[in-house]
Structure formats: structure tokens, C-alpha cells
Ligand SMILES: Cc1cc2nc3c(=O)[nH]c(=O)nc-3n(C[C@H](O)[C@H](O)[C@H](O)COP(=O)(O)OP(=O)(O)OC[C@H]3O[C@@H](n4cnc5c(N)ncnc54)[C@H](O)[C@@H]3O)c2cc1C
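Just the one chain here, the form predicted on its own, laid out as C-alpha cells.
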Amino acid sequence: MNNNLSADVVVIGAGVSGSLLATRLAKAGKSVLLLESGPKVSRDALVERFRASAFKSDFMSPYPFSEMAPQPRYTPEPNGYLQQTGPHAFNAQYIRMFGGTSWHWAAQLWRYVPNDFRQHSQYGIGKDWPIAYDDLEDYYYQAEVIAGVGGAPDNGSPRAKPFPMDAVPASWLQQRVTDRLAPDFTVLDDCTGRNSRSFDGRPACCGNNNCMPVCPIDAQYHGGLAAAQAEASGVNIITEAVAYKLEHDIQGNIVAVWYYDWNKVSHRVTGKTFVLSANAIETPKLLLMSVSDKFPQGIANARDNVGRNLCDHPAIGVTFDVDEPIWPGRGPVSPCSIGQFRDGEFRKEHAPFRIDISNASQVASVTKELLQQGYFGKKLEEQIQFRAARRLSIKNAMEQLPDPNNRVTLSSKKDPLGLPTPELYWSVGEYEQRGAKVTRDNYDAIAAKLGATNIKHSKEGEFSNRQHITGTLSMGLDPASSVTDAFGRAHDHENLFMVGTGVMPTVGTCNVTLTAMALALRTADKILEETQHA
């Protein structure tokens, strides 16, 4: 056992939120130690792993897997790391590695709309946040500057300053869909951290169309860049360090975190302030594992709120063939969307949503479809060209209301370090079911305007999660119904903070990373404010 590790601030989880927070604290003069359960792998090695993979559509394929820090995998077969107990499977994907899950994303960095923060006050449903949009506006911009975000300025989220980056030029697909859906549907540039010019030592996007699972030229921002910046700022990062217990003193303050290295040697790290940033499933797992006589239900869980209110975007999709070639696959995979259903009085009745228009290449899926239909030879080649040029895929990001019954708990299954694996219960309610019905009607209207044939909706009553995991560490003013306060501080532990998407009380209708980044920067400033004279 090693008892000599200590720092002013101990951060657990080297994803984008923990890394940004650690960087800010280190630059302000704090000693910061960051523990990451997974390994450190170079981006070049990840790109090579992607090129060598037989499963190009599997976003996890480039990322190493270890039984010592297991993560959910579904290809070629599900590994069963997440135990499912609810009526709807919550097939979460996340990466336990230096840089975290935003390695394998499309760099979508949206702001919430103001009414997302006052949903209950405005519409009598859902939850209000303990902060308002204006409390986060400047932090949103700070995060956008770090990531180099561009997008459509008039997208429902007010801005004090313009985007720091111009949007990537529209693909042919985006141009044709925008023209043909107007005026009934307004297609907007997505808000993305994707370079439209050389920025921060990285090149402009050249449209490789595999933003997910990894950009081969590093044109888009990701957590690996954030973690590298933290390291360059003086943060001491220890990888392959699996935190398994928080230790507290008699007053309930956290005094140490215990971790296993991958040889199962135990280490104790002391500090003055602790920050958990191990994603919205692994962080509650750590809290629930940290039981003691004083806290028999785990740290920060005196009122049994840790892990509850698990939310995501329950998504439905549709594919169809447009009556003209639109050439998906030329440009970034996720360039544009329809945002007119994100907010309005209808939120009293059904879930709001945003419609994502995919520009991902359809060649692989079309080829598989044609082979199943018996095509071969020249006819196969002709049909691949014909269908792949016309196939359009769209899906929604629909808000799910927080439900305390949807939760993360500990399963009876143990990993090779002897730690319990997560157990998930997830159910999609009537509010979201009504939102799905409205979404489906709009899908049909969109298909009609594009002269669609071969329309295939996802199966009614089934939903996929979008990997926008929120709510399990929900912030709020009332300790009876939340885990943390407005700055991510645990209600019951003065020196314990949490960052990442788990602290977000509601999931809204957009990708959640930018809000998590903004909240992490705000929490960092709060820690500095309180400790500057300590």
C-alpha cells in the first residue's frame, strides 16, 4: 500500500469535465492529482486500431478494453458489464481511458435553451435547475472558446458573443435537405467543436466522415486534448488507477480516496478537496461502494438520491430513400438538425425534441441490405451506388423527464478487482411516448417533402439511448430531492464536489457535453474562490 500520495485537490476521472477543472485549478497554483481508471493511449494508436478493426460501425472498436477497468461493449457480443433490470434496456457506452468518452463523439456542443432551466416553473412538469441560463452563459462561452465551437447563431440559445469558430461548410446533403424542407422545417448548422480553419495546432475538417469513432486528423475537439492540456499544466495524472472507496472523518469531510492499480495493489490518496468526474454511471457506483458506519448507504447518499433520476434521450429513428442523390458520407457525419420542437407550450403535453439529420456514409448498411436481398455481381454494384447516394437517416434527441425510479445501483456481479458492476433500471414514460408520436408524424412529413420511398421507422415502443447520460447526481436546492448543490458540492460533505453530466437535473433536447464543461469550469472557480486564502 502506498500512503504518500497527496494534493490540494484530488480529481477522479480524466474525461473532458475533470480535465478542464483540473487544468483551471493547476493554472491557479493548486497541486492537483488526477486518477483515471483506464490507460493512456496515443491518438495515433487509436486511429490505427480503427483502421484495423473489422467493426467500423462500432464506436468502441478503437478503444482498448481491460477487465481491470471494464466498460460496456456490445460488439461482436454484449459483454454484460451493465446489468439491465428495467423494461427498456439502457445500453450505455462510455470509455474508461485518459480523455474519457468524448473520444468517440461527433463533437456536438450545444447550449440548452433558457426554459430548460425553469421547466417546472414554465410548464408545470419536470424540474427547475438551481441556476438559470444567465448564470451559465459566460461559462458556456468559455467552453466554446476552448473547444473552438461554431454553429447557427439563431438556435434558441441567446448569446452575448458570437461563436468563436465559423461552421464547417455545408455538405451537399445539408444543402439539398435545407432547401427542400423549407419553409415548414428550418434546418440549422449543428453546434460543433470541429475546426473550420486551423485552430489550436490542429487542422481544419476535411470531411473524412468518421468523426465517430475517431477523427483521423484531429480536426475536432475531444477529451484527449483536455487531458493532455491538464498534464501540460502541471496536473499529476495517474492512469490505471481504479478508485473504489472514499474515506471520511468524524465530521463527514472526505479525507482520502482509495484506489487499486491494475495489479490490485491498494493505494491511499489524501487531499483537501475531492472532485468526482468519473461519468454519470461510474461516479454513483463509487459513492454507493463507499459505505461506512456513519454512511451505511454510501457517501452523499443519506437520503437515497444517488443514482436516481437516470435520464437520456430516448430516441426513435427513420430511414428512407430520397428521390434524388444527396450523397451522404461527404463531409462530417452530423452536420445539421431541426430545432423548432425544442421549446414551446406543447411541453406541457409531450416531450420536446430535436431532429438530427445524419450525413454518415450509407454504403456499409446498404451493401448489407442488398446482400440479404440476394443481389450480387454488377447488379449489386449498381444498386449500392443508387441506394447509398439517396439513403437518408434521421433520429431525434427527445427530452426524458427525471424519474427517481430510473436509477443506477450496484449489482451482485463482481469485476476482476472484486468491485460490483453497475445495475440499471430504465423506463420510458407516457410523456415521452407522446413525444415519440409527434416525432413520428414529423418524420413522415419530412419524408413526404423529400419524395421518399422505402420508409422504415424504428419499431414502435422501442427506444435507443443517445449516450447523453444525466441526472444520477442531480443538483438542486433541496437535499431531500437532490445530491449536490448549485455548484456540484455534495449536500452532506463540505469538501466533495461532482462534475460531469450526472449533476444535470434534466437532459434537455441537445447533446449534454457543453453544459457539463461549463458547469465544471464554474465549479473550478467556486473551489478557487473558497480556497484562495486557505
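Being a predicted model, the structure only gives us computed values, none of them experimental. Residue positions are given as counts along the sequence shown, with the first one as 1.
Another form, the form predicted together with the named molecule, is not on view; read the next lines as being about it.
J.: Here the chain is shown alone; which of Ala243, Met398, Cys311, Val235 has a heavy atom within 4.5 Å of the named molecule in the predicted bound form?
T.: It is Ala243.
J.: Taking 4.5 Å between heavy atoms as the contact cutoff, choose which of Val275, Leu287, Ala107, Val408 touches the named molecule in the predicted bound form.
T.: The option sitting close enough to the partner is Ala107.
J.: Closest heavy atom of Leu33 to the named molecule in the predicted bound form, within 4.5 Å or not?
T.: Although the named molecule is absent here, Leu33 would stay clear of it in the predicted bound form, with no heavy atoms inside 4.5 Å.
J.: Taking the shortest heavy atom distance, is Pro335 within 4.5 Å of the named molecule in the predicted bound form?
T.: No, Pro335 sits far enough from the named molecule in the predicted bound form that none of its heavy atoms falls within 4.5 Å.
J.: Give a yes/no on whether Ala230 approaches the named molecule to within 4.5 Å in the predicted bound form, heavy atoms considered.
T.: Answer no; every heavy atom of Ala230 is more than 4.5 Å from the named molecule in the predicted bound form.
J.: Is Val10 close to the named molecule in the predicted bound form, meaning a heavy atom pair under 4.5 Å apart or at it?
T.: No, Val10 stays farther than 4.5 Å from the named molecule in the predicted bound form.
J.: Specify the contacting stretch among 474 to 482, 461 to 469, 489 to 497, 25 to 33, defined as having any heavy atom within 4.5 Å of the named molecule in the predicted bound form.
T.: Heavy-atom contact with the partner occurs in 461 to 469.
J.: What residues of 4 to 43, in sequence order, lie within 4.5 Å of the named molecule in the predicted bound form by heavy atom?
T.: Result: Ile12, Gly13, Ala14, Gly15, Val16, Ser17, Gly18, Leu35, Glu36, Ser37, Gly38.
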